[in-house]
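Below, in structure tokens: the form predicted alone, a single chain.
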Amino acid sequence: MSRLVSHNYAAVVVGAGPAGVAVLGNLLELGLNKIAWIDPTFDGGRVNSKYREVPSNTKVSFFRSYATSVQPFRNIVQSTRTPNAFSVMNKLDQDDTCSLHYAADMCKDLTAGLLKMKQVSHYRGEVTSANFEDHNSTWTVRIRLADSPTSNTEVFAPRLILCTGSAPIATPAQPVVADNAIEQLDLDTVLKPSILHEALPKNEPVTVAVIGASHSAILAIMNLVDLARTSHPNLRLKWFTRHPLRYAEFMDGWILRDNTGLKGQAAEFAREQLEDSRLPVSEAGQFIEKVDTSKGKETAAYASHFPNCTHILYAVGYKRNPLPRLSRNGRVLLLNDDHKQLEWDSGFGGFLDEHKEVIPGLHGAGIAFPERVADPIRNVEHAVGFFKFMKFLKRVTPMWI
């Protein structure tokens, strides 16, 4: 039998990755003194569980800026016994990039500090539903507790902030189809070398079809090439790409393709190993066959090359994790980008209904709900990254209070 316990708060924050942590810091700095925080693990989110071994495309100085942007964070940094994630990061080259495990450890230390604060009540579990009632301007949020799946807790607040994250697109909307059976590789696995080597056989011919030329695709190719030249000598790649490699470019005071172009180690590897002028003579070129799928060539290219592939990897982007059931006055609100029943608006960090009216007290942040930005030549991107989340939240959270 389900046991129900309820509590009242000034805000409910769902998710404890970098965005959720940043939301807590900003709300505390703005004076909210009773916040419910919900997450299954409170362990740094996917950046810690999946991407510790990934090289970042962010300078160390930006991670440090994230950790010192609000007073609650600065208090945690000052009170955490050294050595800690902050002191370790201080010793790194601030103008260079670093492995994401440094950022993940920083996120975990900030989380640990926030969980000790009396203003924060944490619930280990998952939100199953949330309903907003207009008559009392309150969200009722139901939580399935991780430690006791038969126990449901309800919390009440005028503000509900979703930092629910995203995951790699496992299969694109129009999946590539092959006549032969091809085993699909998980992008998260390929981005984690410590487990990737176990996902592919060592002593038999393996050909991996890599679909995409995103930052994640290039990192995946880096890891697969490293396997091919070390422990998996029979590994080969067929790299299917529609367009030339695209890099972030430093302009006069701004960055072209700041959020979509290659940076850091991925950019360096691509320039040295994967460009058309380099691939035939590079070390990576010993293991990679590049396949052009531009301008309607996809179908023929797949039909020609897929019969020789044993595995396939899609590196074609990320999609939002499923949201809890959301409703207003008992009427279900759907997040559906095709039909726009619920529309994300990064201008104020909130949501609009199908009539373009604001959903009261419903907000978002992070990779699932990023800020929409335009560069000086009007290219539109979504700003994703620790410090970009923080910068966005410092702008919008005052509007939520």
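What you are looking at is a predicted structure, and each value in this text was computed from that prediction instead of being measured. Note that residue numbering begins at 1 and tracks the sequence as displayed.
The form predicted in complex with a small molecule is left out here; the points below concern that form.
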{"query": "Option from 236-244, 157-165, 301-309, 112-120 whose residues, in the predicted complex, bring a heavy atom within 4.5 Å of the small molecule", "finding": "157-165"}
{"query": "Heavy atom within 4.5 Å of the small molecule in the predicted complex - the one residue of 264, 324, 193, 261 that qualifies", "finding": "324"}
{"query": "Partner contact for residue 46 in the predicted complex: the small molecule, 4.5 angstroms, heavy atom", "finding": "yes"}
{"query": "Distance check, residue 386 to the small molecule in the predicted complex, heavy atom within 4.5 Å", "finding": "yes"}
{"query": "The small molecule contact in the predicted complex: residue 227, any heavy atom under 4.5 Å", "finding": "no"}
{"query": "Touches the small molecule in the predicted complex: residue 347 (any heavy atom, 4.5 Å)", "finding": "no"}
